[in-house]
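Before any questions on how it binds or moves, here is one chain, the form predicted alone, in structure tokens.
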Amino acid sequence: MKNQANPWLTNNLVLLGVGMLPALLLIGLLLYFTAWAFAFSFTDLALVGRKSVEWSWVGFENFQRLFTRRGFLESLWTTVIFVFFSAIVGQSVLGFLLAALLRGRNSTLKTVIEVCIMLGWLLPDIVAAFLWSATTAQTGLINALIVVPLGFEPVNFINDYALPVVIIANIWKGTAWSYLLFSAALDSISREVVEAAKVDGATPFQRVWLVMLPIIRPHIATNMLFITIWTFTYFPLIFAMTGGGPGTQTTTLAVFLYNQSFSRGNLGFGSAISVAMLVIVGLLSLVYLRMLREPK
């Protein structure tokens, strides 16, 4: 008697294959475009003109330009500052502090704070950029409500302090993610553990540093992984607020990549920038993935 396939198993395998198809297609497209960018990073491909059809191989010339010309290294440093202060220090620390301070509270103040930080997360980037540009302009809300009533001359914050303004705007835009993640992580900590530390004489700071933080260590690493990647490659808010200016004050790698690829049409050099960004983000991801491992 011949063995017959189990109908239940067959149907589930078919459903599994159909369910995985969109993910496989997405991964395939990602690999395709990654390979495309890697290949064209060794060419002098241009967006328009003769080099858009008659491009040639230039070897490692584009990668040499990354480290021999000021644009890439300046943008890299600006990106490091932007990521460190707006994501690692700003969003992560502020999100944890808010989650810890509001933990277990049910009050109007908590609701107001949650609405404020969720509003930044839900607003489209262009709307948020317009809001912050209008607020920090020389004729904006900050000058009208604070600076001028105090007797000072109006300050064009978006022009004179462009990078700090963009950093603060991004903190407001992205803190909601860290707040929600840390709120869920802190809620998973048993109250008995915290109360036991309190009975043993631990101060509030010691309870946070020695009890809560070690328990939610994987959540911290996960949060740092995502916000670092998102902020390192973030483009819309910065470009809509400042366009990378004044000068190159807010030209991060994402803005530099856009300018080189589309404003100047150097697709080959732009591909080299994207490959460099991919390598940097990959190395940062490995660091955070090591943090996710439980200590032996």
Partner chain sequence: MFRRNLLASATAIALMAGAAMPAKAEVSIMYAEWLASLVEPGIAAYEKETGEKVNAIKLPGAGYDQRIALDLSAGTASDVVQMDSFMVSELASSGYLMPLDEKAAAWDQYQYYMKGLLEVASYDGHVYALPTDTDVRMLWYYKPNFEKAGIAMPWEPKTWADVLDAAQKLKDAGVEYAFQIPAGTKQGEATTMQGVYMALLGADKPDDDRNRLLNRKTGQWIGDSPGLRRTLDLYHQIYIDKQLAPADLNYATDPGAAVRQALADGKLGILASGSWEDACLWDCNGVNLPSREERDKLVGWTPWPGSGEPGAKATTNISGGWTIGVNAKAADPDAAFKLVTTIFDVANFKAWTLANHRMAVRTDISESPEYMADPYLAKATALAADTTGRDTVPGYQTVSALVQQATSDILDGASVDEAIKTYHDALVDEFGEDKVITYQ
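Between two forms, the rigid core is the largest collection of C-alphas that superpose within 1.5 Å. A quick note: this is a predicted structure, and the numbers were derived from the prediction, not measured. Numbering follows the first chain given and starts at 1.
Not on display, but discussed next: the form predicted in complex with the partner chain.
Put simply, Thr203 is far from the partner chain in the model of the complex: not one heavy atom of it is within 4.5 Å. Taking the partner from elsewhere, Thr231 is found to have every heavy atom lying beyond 4.5 Å of the partner chain in the model of the complex. In the model of the complex, at least one heavy atom of Phe130 sits within 4.5 Å of the partner chain. At the 4.5 Å threshold, heavy atoms of Thr139 reach the partner chain in the model of the complex. Annotated contacts: Trp77, Asn223 and Phe226 are all free of the partner chain in the model of the complex [non-hydrogen atom within 4.5 angstroms]. Within 4.5 angstroms of the partner chain in the model of the complex, the stretch 261 to 289 places a non-hydrogen atom from each of Phe262, Ser263, Arg264, Asn266, Leu267, taken in sequence order. Val53: CA moves less than 2 Å between the shown form and the other one after rigid-core fitting.
Once both forms are overlaid on the rigid core, the distance between the two CA positions of Ala39 between the shown form and the other one is under 2 angstroms. Annotation for Leu283: C-alpha shift under 2 angstroms between the shown form and the other one, rigid core superposed.
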